[in-house]
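First comes one chain, alone, set out as structure tokens in the form predicted on its own.
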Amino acid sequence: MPRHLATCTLCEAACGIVVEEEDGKVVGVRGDPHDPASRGYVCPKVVGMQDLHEDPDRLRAPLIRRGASFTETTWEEALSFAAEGLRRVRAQHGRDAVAVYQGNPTAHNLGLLTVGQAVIRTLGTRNLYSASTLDQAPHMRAAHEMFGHVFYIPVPDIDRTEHLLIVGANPLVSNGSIMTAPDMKRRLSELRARGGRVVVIDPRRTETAAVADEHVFVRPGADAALLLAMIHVLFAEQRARPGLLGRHLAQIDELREAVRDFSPRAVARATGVEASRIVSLARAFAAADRAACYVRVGTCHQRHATLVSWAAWALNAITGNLDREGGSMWSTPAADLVWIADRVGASGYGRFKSRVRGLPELGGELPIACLAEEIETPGAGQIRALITSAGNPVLSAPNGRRVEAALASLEHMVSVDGYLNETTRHAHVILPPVSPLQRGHYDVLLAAFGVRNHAKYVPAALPKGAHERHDWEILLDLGLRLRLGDGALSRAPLAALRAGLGRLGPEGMLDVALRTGPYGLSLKKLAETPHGLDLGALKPRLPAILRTRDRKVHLAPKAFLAELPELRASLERADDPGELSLIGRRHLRSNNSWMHNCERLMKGRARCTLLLHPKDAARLGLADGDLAIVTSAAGSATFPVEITDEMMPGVASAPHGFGHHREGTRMHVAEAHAGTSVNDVTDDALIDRLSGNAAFSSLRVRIEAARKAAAAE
């Protein structure tokens, strides 16, 4: 039975796998014991690699919408139709009338991160959107202001730390996030076995919190205040000791002054954490020989999300735990992500703003929270055509119903996607790429956040069919047609250009990046180590990586200080006692909406439930399994209730990515487990002002029993 090495691309762990094939059909997937990063580990999601490839619902040929239905067509007709519509919109309304949205799977796709970005970012439109402003923009803005580049995001040196403080993250389920760390269960066990300590701060007792040494409930949206209070303690008790790191730090006095008003006593009520416990958290962190504070998705979904990232990294810095072994460090990737980002224009901040709300770009992209309004609002620059690539914003963007209505109004929509889903059903043409097992892979993005330096390239495990296309080939062809036209006279040069650029392809661009990288590698050298190459533990990188004007770490950026009065004001506001805070969650067997069509991953009890603490359930008259209506300023949605003491009182939790009940899709497993889209109630008006990231979490909602609402009618 033929076996092929590959990489699981279903989450950021990027585990090495072995694909077993028989007569062209995938019959099994297992962990690669010789992969130096994952060491044979795989999580339950790995079967999704097989299921996605074999999925009968996955599109194998292009679709064109004719009236209310889709029909299969040839690649030539589909690409010509797609390009003609985009050219028409650009000719009539200008370049900014065409927008692009890229979804989360882009991060796991070598072709989309190389050729794809080169094509998309030369379309000449300012209306570029991606999943970055759904989950990571606060880290990017903080990195830009503190270190000088949006992709200089530090990660915990988890294999050498003695004290890991986790805020708003659940790495046992996520397998790390902006922290490429396969087998987090083993890593956390090893940390504790060597005498280390794990502390989790979260409004829910997550899977990670359940195995931690200490779990602290915190009110949603109060993480910035809590971390600033910890910094306050360290300054007040003269425990802020950066040591040798101090020569690389600027604005430490300004930081001390900035946290003066954030004493533990001042923030205790707003955070829900007693002042004495905040003091003990700060002292324990400062006392540890090697400590790292790690914040992630839960903190990125807040009104003051960027302040959380800033406070976490400032806490690491003033305790001397930034850029040191066992602290928070930077990877040294073989293919430098910063070098690549600079060349495709994916760096910087505030170079232009959105048309309607005036929100600034970050990394060359605008916040997804303003996509719907940019489509709806007439005037110069109004979005009238959209290209989506590997994304489903109807289920992933805030106020999904508004996004859905906006998509239906577009003059032309092109989707590069393997499924007819809640978003692509609005497209005029769908261009399906090959499955992940049919493309070569190198983790250009994720290797930049590895907890250990490594490099691995694997060629496609399975061949591409004669009538199949890679997603980068689709975008390249589309881009060339937009530039050249595709009439009879242009077909010859179009084919020649396509062939020439195609010969370079993602692998050619990767080879250039590897050769110019810090290790002087090449694709050929990586081919000699097919299981992957271990490049060693993380090493100090300051001041070499700093891009700030003075080549110092900026501990008190002016923009962040200017936001502190609003943070202080939010601490003083009284909440409506009839409301709860809604937060999200994820599951080990799921990673966004596009994995819900894998039957083996969707087995078991229903996961799209509303978690409530027993006290809240009793007050609302709800029992396990009852239907509850959740209402916000953006709308209402109904969820089955699941009662658990893992929730902090006053907080409810619903997962994201569900809502597969829309008509006109072709995802039969997902439809059978439709669930409810939490983004039918999230509000696109709520954002983190510093980064533009959608503020999904800490949303104030009212909850009532569906039977009571029905009786009232």
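Quick note: we count residues from 1 along the sequence shown, nothing fancier. All of these numbers come straight from a predicted model, not from anything done at the bench.
In what follows, reference is made to the form predicted together with a small molecule, a form of this protein that is not presented.
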From the list D417, E365, D477, D323, which entry has a heavy atom within 4.5 Å of the small molecule in the predicted complex? D417
Within 4.5 Å of the small molecule in the predicted complex, heavy atoms considered, which of N127, S593, T161, Q117? S593
Quick check: do N104, A131 and H587 each get a heavy atom within 4.5 Å of the small molecule in the predicted complex? yes
Check S697 for me: does it contact the small molecule in the predicted complex (non-hydrogen atoms, 4.5 angstroms)? yes
Give a yes/no on whether D157 approaches the small molecule to within 4.5 Å in the predicted complex, heavy atoms considered. no
So in the predicted complex, does any heavy atom of S174 sit within 4.5 Å of the small molecule? yes
Quick check on R141: any heavy atom within 4.5 Å of the small molecule in the predicted complex? no
Answer range among 280-288, 391-399, 345-353, 79-87 for contact with the small molecule, defined in the predicted complex as heavy atoms within 4.5 Å: 391-399
